[in-house]
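Listed next as structure tokens is one chain, alone, in the form predicted alone.
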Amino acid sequence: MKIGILGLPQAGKTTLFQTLTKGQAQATSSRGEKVHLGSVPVPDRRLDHLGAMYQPKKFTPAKVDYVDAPALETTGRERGSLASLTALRDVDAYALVVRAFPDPSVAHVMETVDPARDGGWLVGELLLEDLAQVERRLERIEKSVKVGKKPEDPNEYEALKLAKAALESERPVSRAGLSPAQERSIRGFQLFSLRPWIFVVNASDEQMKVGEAGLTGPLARRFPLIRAIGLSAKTEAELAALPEEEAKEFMSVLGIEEPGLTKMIRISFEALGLLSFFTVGQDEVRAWTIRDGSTAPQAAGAIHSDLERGFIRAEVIGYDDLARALTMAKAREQGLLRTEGRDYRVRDGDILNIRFSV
């Protein structure tokens, strides 16, 4: 899973990125634009417990990659320039950071602090970026049509027309009513509005104590289909720098129930419709990330294409059942281990052992 982080200048976007990646980030460039890349393991108490049970030679959590893009300038930026930033095209979702914290020493590019306004501006910019790209491609196709050539892919042509109509109505392409074939035909354009967006409201500690709902409410009312969370990037950065026990104590004092890293990953999984399943053994305990609704063969394919191609059946047990049984042998004796076929839809927390033949 890869998340692109976008926002206006001075919104706390890079502070959030440094917090999420715990300072383990690399600077790189794309077409002259500097971006930061970082990767973090997905915290999962279930996987930690499985690691303690099996003491494997290798322990592999799922991971999340973050891309911190340059701040979006409100003036002087050529339309379509954002879409040309390669590092931002290869992501699964976008975190749109908006500022709520008041700080007279940090000027706001729009002079006043208004998260709902800033969120609307960011959404508008992304829709306009998509519209510019869709119009350019449609123009090329329609020039060919005028001279008697048929579109190479009718699905693409129809999808682009639907996408343009949606974008002109200020709706994302994901809400344009594309058929699966039409969506596949334009997937290569990697349009911003074909992927989920998450608002991250960067607030002060005082604002967080009042309640997250008050921070995210205005955005939720204006954009009911976009998930929103509130956090203090500055405080989360301080927490990330502390040893685990000290961080827990600090969180307790501040009334923080869930670290920002965990909160971001949880809501990203929800926005993308993802779940985790596990494989266990003495050699390796590992978490795998797949789409919710994936079948057992598709889960096998996440491990290796040969397993999907030669899939026979899957031995399945839920994490909770194995944790109660304490060992796989006892779970088998208790009838908790079951055999599932090709139609089985994998559940979050399942532990799979794939039987296959190639």
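Heads up: residue numbers just count along the shown sequence, starting at 1. Computed from a prediction, not measured in an experiment: that's the story for all the values here.
Just so it is clear, the following notes concern the form predicted in complex with a small molecule, a form of the same protein that is not shown.
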Q: Scan 258, 103, 168, 246 and let me know which has any heavy atom within 4.5 Å of the small molecule in the predicted bound form.
A: 103
Q: Have a look at 202, 216, 133, 182 for me and say which one sits with a heavy atom within 4.5 Å of the small molecule in the predicted bound form.
A: 202
Q: Report the stretch among 218 to 226, 190 to 198, 250 to 258, 95 to 103 that approaches the small molecule in the predicted bound form to within 4.5 Å, counting heavy atoms only.
A: 95 to 103
Q: Although the small molecule is absent from this view, report whether residue 232 comes within 4.5 Å of it in the predicted bound form, heavy atoms only.
A: yes
Q: State yes or no: in the predicted bound form, is some non-hydrogen atom of residue 9 no more than 4.5 angstroms from a non-hydrogen atom of the small molecule?
A: yes
Q. Taking heavy atoms and a 4.5 Å cut-off, does residue 71 contact the small molecule in the predicted bound form?
A. yes
